[in-house]
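There is one chain below, alone, in structure tokens, taken in the form predicted alone.
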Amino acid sequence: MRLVRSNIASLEPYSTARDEYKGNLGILLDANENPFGGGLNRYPSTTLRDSLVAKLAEIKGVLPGQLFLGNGSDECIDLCYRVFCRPGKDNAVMISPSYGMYKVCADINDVEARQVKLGKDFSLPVEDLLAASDNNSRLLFICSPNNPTANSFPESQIRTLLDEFPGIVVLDEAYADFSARGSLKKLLEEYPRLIILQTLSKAWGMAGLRLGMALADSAVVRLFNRVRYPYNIGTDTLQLALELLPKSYVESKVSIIVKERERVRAALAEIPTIREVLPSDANFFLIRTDCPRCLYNFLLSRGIIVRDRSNTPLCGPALRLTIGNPGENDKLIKAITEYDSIQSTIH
């Protein structure tokens, strides 16, 4: 692939004796480990990792060779830069506002981040994104549903970018499980320059395990595995994920969250202090109010933490609210209703 950095294309990856050994492992005297312990004294086994990759690939409907398992999606994002972008030479194009780690990783890797603002209605600026690219544009990041705007972008526009952008298109689908449209992973077979990021942190409820995925052409997955640090995911994380996957009942959980999202949005839309409740295709949404910091501080005083997005481009005077469980959502509605009552008395 012409887009791969030359030093990465010729990289000889780190290899362990266990990688090279074929057969059942016996006495392990190769890795300078402590021989005493209950299993965590040993480095994570390749077999355990392969088992989790195979299970996730089955769930996602892709081949095991099309799935890279990372230490959170952030590792996958960082690997995109390390594999495809030459420091100080190449650039990455991204929408704004969006997930902040795209730019942070660009800055860490000494890659120019070209941020292109969404339309006023949070629409995808396809022509502006293409205009911002040049021969040194190696990555294009699109988060859909987008964070913090909570909207998804049309498949036709994603296809246009895949057809016309000269580099790798990274489609971050961290919130796709909450979207009526779902994932666009079907496009992987048509576009080898597409990388789709997904995660177990959101719908699957495993944020504490820090497990992210890149679904991509097998050649890209091989490159990611060549560059990643050895043993990037711990034994306890691999074991817990394997145990939790069959028990997570993700569809029922997502259904509850989506219903709660619409219930909370409808309730807040009736509160005069809330000027606007924006639509959502994710597990969060934006609300606009005259003094978002006042409401933010009031909610803090009631033990409720939300995200102030007032200084985020295009969001306006807004707070971002994540959907909790029904009891937490009731407390949120009650607190904002109480805030509204106090504001009505003051004014």
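These figures come from a predicted structure and were not determined experimentally. The first residue of the shown sequence is 1; numbering continues from there.
Below, we turn to the form predicted in complex with a small molecule, even though it does not appear here.
- 201 is the sole member of 96, 218, 201, 232 with a non-hydrogen atom within 4.5 Å of the small molecule in the predicted bound form.
- Taking 115, 248, 147, 123 one by one, only a single residue has any non-hydrogen atom within 4.5 Å of the small molecule in the predicted bound form, and it is 147.
- For the small molecule in the predicted bound form, the listed stretch (149 to 157, 172 to 180, 260 to 268, 127 to 135) containing residues with heavy atoms inside 4.5 Å is 172 to 180.
- Although the partner is absent here, residue 167 is not a contact residue: none of its heavy atoms lies within 4.5 angstroms of the small molecule in the predicted bound form.
- Residue contact with the small molecule in the predicted bound form: residue 141 places no heavy atom within 4.5 Å of it.
- In the predicted bound form, residue 237 stays away from the small molecule, with no heavy atom inside 4.5 Å.
- Under a 4.5 angstroms non-hydrogen atom cutoff, the small molecule in the predicted bound form has residue 73 among its neighbouring residues.
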